[in-house]
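Given as structure tokens, the chain that follows is alone and in the form predicted alone.
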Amino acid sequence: MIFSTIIYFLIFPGLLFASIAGGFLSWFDRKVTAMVQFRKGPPVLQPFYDFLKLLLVKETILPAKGSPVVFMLMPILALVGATLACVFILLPALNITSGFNGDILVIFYLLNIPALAFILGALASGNPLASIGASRELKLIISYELTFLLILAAVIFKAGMRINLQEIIMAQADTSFIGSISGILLFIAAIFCLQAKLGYVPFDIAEAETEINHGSFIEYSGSAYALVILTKYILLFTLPVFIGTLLLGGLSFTGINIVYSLLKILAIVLLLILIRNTNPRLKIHQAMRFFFVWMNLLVIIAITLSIFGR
């Protein structure tokens, strides 16, 4: 039991598998972005080259001020949180019933760990620009996580008040939730939440290269920044899988269904990329208003429609 748990976390469907899958999705992101901008784009293994160069070649420089211990521990905590979330999402998707039973509320909290760790790491760096980035990230979390929690509440209601991920997948055996009007509205809101969680334009306010020079990550370098990049790779894979599981009928990795599952993930990532490349960066108050007012209203309408079976 302990051995299988270690395998789940470190190899499949955990750290190694999610890192490789996320690395290829990062290449897909960069390639599509290059095509939109009429460029050639990087080779398929470029994300892995970038990670290995940071991990093995570049020097890790600790900030002169702040707390070096907290500063170095936070990327590790972020990576652990993202990996655990990935494992707990994929186990039910792979129909593996041993271990964790897929409570989506626990997954919700695990998905918050990377963002909170990045905030603490930025504050521990002692850099004022990093503090600005951390402040912006905290405000974003307060806004988009409320929307995301409402989306989960709507999914639980549509699944007959079930919070187990495996049971939510089974509830979509006949028709996926996105096959209804309320499901479409929830999917739209979820896409924007994913955009904010990944720090993609128009919600890259906490990094904002042209304003605060990568904000929260300005002091990170070398192996520490490699862990930040790896965490982002895993989230780029994990978050679309989570939304596909909640709203698109789940994922199946047997037979021809493998192709359908991959297409679902790629379609979600492609949608994120297109939004990223066709919108300007919002100001922090605009982003907060967008989620607090419009996205919450959209989800409330979806919940209301769900009550009436729509």
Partner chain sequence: MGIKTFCFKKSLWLFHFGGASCNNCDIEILDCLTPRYDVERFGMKLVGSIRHADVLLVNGSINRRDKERLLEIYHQAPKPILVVAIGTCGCTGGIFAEGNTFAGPVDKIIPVDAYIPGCPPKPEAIIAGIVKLLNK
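A quick note: this is a predicted structure, and the numbers were derived from the prediction, not measured. Numbering follows the first chain given and starts at 1.
Unshown form predicted in complex with its partner chain; subsequent notes refer to it.
Residues with any non-hydrogen atom within 4.5 angstroms of its partner chain in the model of the complex fall in just one of 193-201, 76-84, 216-224, 146-154: 216-224. At a distance threshold of 4.5 angstroms between non-hydrogen atoms, residue 269 is out of contact with its partner chain in the model of the complex. Proximity of residue 40 to its partner chain in the model of the complex falls within the 4.5 Å heavy atom cutoff. Put simply, residue 52 is close to its partner chain in the model of the complex: some heavy atom of it is within 4.5 Å. Not displayed here, its partner chain is approached by residue 46 to within 4.5 Å at the level of heavy atoms in the model of the complex. Along 51-68, residues 52, 53, 54, 56, 57, 58, 59, 61 each place a heavy atom within 4.5 Å of its partner chain in the model of the complex.
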